[in-house]
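Before any questions on binding or motion, here is one chain by itself as structure tokens, the form predicted alone.
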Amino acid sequence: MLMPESRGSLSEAVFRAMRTGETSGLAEAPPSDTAEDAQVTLWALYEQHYRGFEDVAGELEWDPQLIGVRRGLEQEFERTLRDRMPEVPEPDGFAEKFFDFVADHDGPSLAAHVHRKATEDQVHELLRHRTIYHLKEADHTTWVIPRLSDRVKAAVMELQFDEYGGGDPNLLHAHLFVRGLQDSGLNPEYGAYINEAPLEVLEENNAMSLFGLNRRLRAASLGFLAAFEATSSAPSRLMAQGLKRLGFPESMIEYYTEHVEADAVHEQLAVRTICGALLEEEPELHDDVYFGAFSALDLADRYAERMLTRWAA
């Protein structure tokens, strides 16, 4: 993958420094012009900890100047996410209250739109945007594993084992998505559509990396995971039915049917066993679990609202 296109003065300066290796002047880099400018910069800086870029030297992953820019951006982003937070339930009876919290969050549904009336072009656009996450599905959670106790670590590994295909590279969820993209006539290359990704997609992916790469936010990462899994099974069924209605290839449909059953199991594991065990050991992390969970729900809502509004217009 090559570096994405810049979206403002900050990303232009940072991306130039990443390509050339001349990072010494980044302390005087201009502020971001827009939220998209800030978020695409943060996304590229995080991406160095995943697969990196062909046109950026690997040694720059831990460059102090780039890390300094990243820290400033993620601190601002975390403040934004926390400012959006509502009040959270009391700590007692965690699992039941968590499921109620998720169920009471009534946001717009892209899956319902795909199920009933989306056009083929709209679904293609949706799939292109989803490549930014689905082609590295579950990787952000993997960052958290070394930061957990043995009991919680083992439970996360049980879930991750499914996400990574049970040891079979052909069954990785990311690989299943690649196969569906290929058969749907879309580019399956990692990062191919980053320049199309709107602000909301960048924010959603950056939140996953923010939580996964910062040990102090490990509970937020697991809360994000739990909310994501708890809201995946039913929408995956609607997606599969909508794709079938539109005549999409079976491989793309199978990607979503795989998640109908898997995520119904994963939601119980993520909420009761993973987050439940974490909070038994570290009850002071209760609010951060909900911080991650609300962020997952809210960021998905923001993307859905953007797309449904645009498609309606």
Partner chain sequence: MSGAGDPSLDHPDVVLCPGGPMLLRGDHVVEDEDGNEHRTWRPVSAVCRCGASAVKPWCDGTHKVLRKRTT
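Predicted model only: the values in this text are computed from it and were never measured. Residue numbers count along the first chain shown, from 1.
Same protein, other form: the form predicted in complex with its partner chain, not shown, and the subject of what follows.
Its partner chain in the predicted bound form comes within 4.5 Å of a heavy atom belonging to D106. In the predicted bound form, its partner chain lies farther than 4.5 Å from every heavy atom of R130.
None of the heavy atoms of E137 is located within 4.5 Å of its partner chain in the predicted bound form. For the chain shown alone, E261 is a contact residue for its partner chain in the predicted bound form, at least one non-hydrogen atom being within 4.5 angstroms. At a distance of at most 4.5 angstroms from its partner chain in the predicted bound form, none of the three residues R116, Q122 and L186 contributes a non-hydrogen atom. Checking A35, L269, A29, L246 for any heavy atom within 4.5 Å of its partner chain in the predicted bound form turns up a single hit: L269.
Just one listed stretch, out of 283 to 291, 36 to 44, 54 to 62, 270 to 278, contacts its partner chain in the predicted bound form at the 4.5 Å heavy atom level, and that stretch is 270 to 278.
Residues are counted as partner-facing when one of their heavy atoms sits within 4.5 Å of its partner chain in the predicted bound form; in 157 to 186 these are E158, F161, D162, L171, in sequence order.
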